[in-house]
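For reference, the chain that follows is the form predicted on its own, supplied as structure tokens.
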Amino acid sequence: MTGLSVIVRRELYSYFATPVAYVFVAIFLMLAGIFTFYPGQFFERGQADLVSFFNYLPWLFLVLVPAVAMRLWAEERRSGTVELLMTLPLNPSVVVLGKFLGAWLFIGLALALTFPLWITVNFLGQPDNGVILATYLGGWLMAGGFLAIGSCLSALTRNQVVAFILTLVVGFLFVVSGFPMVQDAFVGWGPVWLLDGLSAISFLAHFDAIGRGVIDWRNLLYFLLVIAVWLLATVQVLKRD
């Protein structure tokens, strides 16, 4: 565990040693506020909840998490430090997990900094704080899913822009797979198992289920499995080189 903690701290420090962390957090908080109060019509809805924020959270993460993930391995490849990391007296899976956890904690910090929204709804009314807390957890798990996908795709290239675009595209597919318009495209010719499968892999479906305040272990397990599968794929990509 000592080696893992070293990698986690190294990754976290790499964000705050440059303006990257501050720019990301500032953009995230600014966009979260804009979407919550304007398109989300926070005050016009007349309800003390954070639905206006959480409705746009998947789309914010879809764009911003790939921006964090793109540097995980692409930058290591570009600078040549990936070989150094892989020669450390650590299992490659520990290195991959450590870098992932460092980035995931950083995103969690950015998400936690939206707490003024939570304070606001408690000041204006009596929201169901259990539901809000559960949805925050679901959002962080969803961010972990995007990040794990980005980790694997970042390991495939040394170009951060390519890694960003690939993660954006794959993440978008995971988000919209449960949309009715996507389902309708397969109705009539696609087998039932395909339709059920597309719905089952949708990030939005599982995030919305958690957002209803009922923390079903199946939704938690889904995100944890997505994270585990893509991190294992990252390890295999790095071992291939």
Partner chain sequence: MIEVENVSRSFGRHRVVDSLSFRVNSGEVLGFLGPNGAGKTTTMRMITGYLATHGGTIRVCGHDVASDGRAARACIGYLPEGAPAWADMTVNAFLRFLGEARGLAGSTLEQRMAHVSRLVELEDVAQQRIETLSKGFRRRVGLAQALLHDPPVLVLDEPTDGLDPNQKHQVRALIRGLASDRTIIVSTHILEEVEAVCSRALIIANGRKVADATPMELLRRSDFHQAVQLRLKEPCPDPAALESLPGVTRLARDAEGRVLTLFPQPGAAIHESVANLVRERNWPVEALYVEPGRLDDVFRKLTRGDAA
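The structure displayed is predicted, hence computed values, not measured ones. Positions refer to the first chain, counted from 1.
Quick note: we don't show the form predicted in complex with the partner chain, though the next part is all about it.
Checked against the partner chain in the model of the complex, the residues Ile165, Leu137, Leu124, Leu88 give one hit for a heavy atom within 4.5 Å, which is Leu88.
In the model of the complex, Ile119 stays away from the partner chain, with no heavy atom inside 4.5 Å.
For the chain shown alone, Val23 is not a contact residue for the partner chain in the model of the complex, no non-hydrogen atom being within 4.5 angstroms. Looking at Ser14, you'd find a heavy atom of it within 4.5 angstroms of the partner chain in the model of the complex. Not displayed here, the partner chain is kept clear of Val237 by more than 4.5 Å at the level of heavy atoms in the model of the complex. Partner proximity in the model of the complex, defined as non-hydrogen atoms within 4.5 angstroms of the partner chain, places exactly one of 100-108, 167-175, 141-149, 74-82 at the interface: 74-82. Looking at the partner chain in the model of the complex, residues Arg10, Thr18 and Pro92 each place a heavy atom within 4.5 Å of it.
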